[in-house]
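Given as structure tokens, the chain that follows is alone and in the form predicted on its own.
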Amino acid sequence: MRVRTLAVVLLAGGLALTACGKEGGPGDSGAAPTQQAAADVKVDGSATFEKMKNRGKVVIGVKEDQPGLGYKDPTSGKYTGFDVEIAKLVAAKLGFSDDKIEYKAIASAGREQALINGDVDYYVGTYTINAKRKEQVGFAGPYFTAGQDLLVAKDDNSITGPETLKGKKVCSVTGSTPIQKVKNEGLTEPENIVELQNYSQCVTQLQQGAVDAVTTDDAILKGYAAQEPDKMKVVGKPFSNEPYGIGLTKDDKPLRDKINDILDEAIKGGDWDKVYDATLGKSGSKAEKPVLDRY
């Protein structure tokens, strides 16, 4: 099933789900919470914030092809997903309402340069914090801690983690870090490794029974599971650590500190839970709240 079709299913599936109201866990609280723009916000010493104020809007870098995280509906042009809702929450606390946000889709390979060039004010899109990237850009967060996991058929109880993959066909994107980990650690036999161009193709193979599992970050897998929770599930046993951060200009520490304060308030105050439940939580999979890394 292609992404566009999946998006339609997501809408239908989301409407059909019943609420469970479990904090930080599976459930469907309906639409994501509405964010009220704060007034008289100040971020002393932040060149990026001053640029936002002078421009009268915030430009946010996002993904547009990751259902449940950062996805742009091809018909309405509306962006949805966990990452998008976190981006909106931060914008509101900085004083920018929804109509003062411009989303700019930036692929993974172009993120650092977009921040360095000032093409976006900040970036929210499955952006793993690591030392190499910190040499070029700054990070607030993490706002989510992902890990490599497995997406399997809902009724498959034979795969419970990476140690149960022997003899199973496993699919991921060609040349990706997740499939390389499967190879390097010999989690399944070489003839059982399937590499395709994108995760949607792997999900189609899973639904057709051609492969037994799809592997990548659990946040991405939850996005797919959230679309069809009666047919697929995330095993829930991550075997890597991927802290997703909000990308910023490297030297803008005042803005980084401000966004960390916003995330801290959201995590402790319940807004983070509401965003999760309205997006990735529809997969039926729990999530651990992130621990901020203030550096």
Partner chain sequence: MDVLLDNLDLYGPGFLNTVELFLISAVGSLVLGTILAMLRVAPVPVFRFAGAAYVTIVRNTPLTLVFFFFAFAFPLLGIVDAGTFGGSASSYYWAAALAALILYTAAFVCEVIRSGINTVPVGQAEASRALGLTFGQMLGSIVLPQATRAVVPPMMSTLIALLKNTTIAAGFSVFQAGSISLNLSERGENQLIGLLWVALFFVVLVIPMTLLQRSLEKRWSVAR
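Computed from a predicted structure; not experimentally measured. Just so we're on the same page, rigid core means the largest C-alpha set that superposes within 1.5 Å between forms. Numbering follows the first chain given and starts at 1.
Note that the form predicted together with the partner chain isn't included here; everything after this is about it.
Shown here without its partner, the chain carries Q113, S176 and N192, all of which come within 4.5 Å of the partner chain in the predicted bound form through at least one heavy atom. Although the partner is absent from this view, K72 stays clear of the partner chain in the predicted bound form, with no non-hydrogen atom inside 4.5 angstroms.
Shown alone here, K78 lies farther than 4.5 Å from the partner chain in the predicted bound form, counting heavy atoms only.
Interface membership of T188, defined by any non-hydrogen atom within 4.5 Å of the partner chain in the predicted bound form, is ruled out. Under a 4.5 angstroms non-hydrogen atom cutoff, the partner chain in the predicted bound form lacks T145 among its neighbouring residues.
Screening 149-157, 199-207, 78-86, 95-103 for residues having heavy atoms within 4.5 Å of the partner chain in the predicted bound form returns a single hit, 199-207. For E189, a C-alpha deviation of 2 angstroms or more is recorded between this form and the one not shown after rigid-core alignment.
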